[in-house]
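What follows is a single chain, given as structure tokens, in the form predicted alone.
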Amino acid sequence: MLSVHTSPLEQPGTGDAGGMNVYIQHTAVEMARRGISVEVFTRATASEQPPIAELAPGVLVRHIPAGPFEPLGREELPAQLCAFTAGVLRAEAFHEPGYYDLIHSHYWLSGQVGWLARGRWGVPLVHTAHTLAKVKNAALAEGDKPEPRTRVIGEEQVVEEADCLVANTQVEARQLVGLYGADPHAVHTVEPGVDLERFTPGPSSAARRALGLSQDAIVFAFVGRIQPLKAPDVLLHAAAHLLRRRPELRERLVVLVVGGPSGTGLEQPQALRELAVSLGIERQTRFLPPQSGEALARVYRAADVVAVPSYNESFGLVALEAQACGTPVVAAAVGGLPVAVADGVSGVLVPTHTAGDWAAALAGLALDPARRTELGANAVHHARRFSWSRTTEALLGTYAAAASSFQDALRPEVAV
């Protein structure tokens, strides 16, 4: 697996670490459990990182020096692709030919590396975009920067060269075909999963005690990277709108924001805190650093509602994790979120990003215990449809299809 710009060893929720990290980590471990050795190539970001680290038995992470030993913005990484590719090829050169059977690249930067390695090693390339520049540019948050033309061209090249493309949803599959001219037969839809052992229902009371929250608090939670694309500001505006309409809730409302600045959010890392002050809800808003494991599950269990107001999501793993914990989700009706959230069953989809619509949707769940309980129970059932084991099984089927396609391409045509 190739993951140039972020490592599965990094904590999701800040910098460039997010759902893709979770995806790579869980699918790699699941493959190893099935006897498939996996190596993940990622860029080294610190001199003290070992050249090779074990993520789990059967899964190695190779840190490839490419550029300075420090995090780089994604806009800086194309200049390091040559060095990264050289490191990948050098690592393979220490093995017998045919050591790697298949390349799975994640995100367009990795796809560029995979494209070259595919030709050198004579193995098939499977590519997962995770996000698409043309889709992001069509749904920009106010003040956010469009993805550069360099990325658009890079994505088009990878789509053309990959033996198989993995889409998270049917919506993304149609986008690959319609916007990028992908061969429909090369596109395979494989829905991501959720860790059903870690994210389970649990008592809200214990979770709230651990977080220092009142038992009668009305808790809205946002989990993810703090950047315009993820739109945590929509939640703050909705909370302020709700308090203007229902001022008696001011002493009970808590807005939990869990995550760190990322992407263009790094340019104004205090912007969300300043927004809370300007909206008059600084006392109601609590900021927590990125959480993992049981601590993250506690956040979901403590919330009455988890908000996912993104302007674009290829799927929405946070929505699945929250639902697996028995917490209903209010999400934007964009990208893969209509798959991750069953509208009116496990949560509510909001067709706009206006404060009034979001306040109404959030209050409609948080202030109606019976409905919240019903949707919470449905949410657990809905989330159980998705597992990393199921995702991995489908990926292995895609790998087999890619290998077959690759061999067909190599087979010479016989003149008749």
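One rule holds for the numbers: they count along the sequence shown, beginning at 1. Computed from a prediction, not measured in an experiment: that's the story for all the values here.
Just so it is clear, the following notes concern the form predicted together with a small molecule, a form of the same protein that is not shown.
Contact check at 4.5 Å (heavy atoms) against the small molecule in the predicted complex: all three of Met20, Gly224 and Leu317 pass. When the small molecule is considered in the predicted complex, only one residue from Val330, Cys164, Val334, Val258 comes within 4.5 Å through any heavy atom, namely Val258. Residue in contact with the small molecule in the predicted complex (any heavy atom within 4.5 Å), chosen from Leu296, Val159, Leu125, Ala276: Leu296. Contact annotation for Lys230: at least one heavy atom lies within 4.5 Å of the small molecule in the predicted complex.
Mapping the unseen interface onto this chain, Asn137 falls outside it, with no heavy atom inside 4.5 Å of the small molecule in the predicted complex. Of the heavy atoms in Phe84, none are within 4.5 Å of the small molecule in the predicted complex.
Shown alone here, Phe220 lies farther than 4.5 Å from the small molecule in the predicted complex, counting heavy atoms only. The chain is drawn here without the small molecule; in the predicted complex, the stretch among 284-292, 339-347, 235-243, 248-256 whose residues come within 4.5 Å of it by any heavy atom is 284-292.
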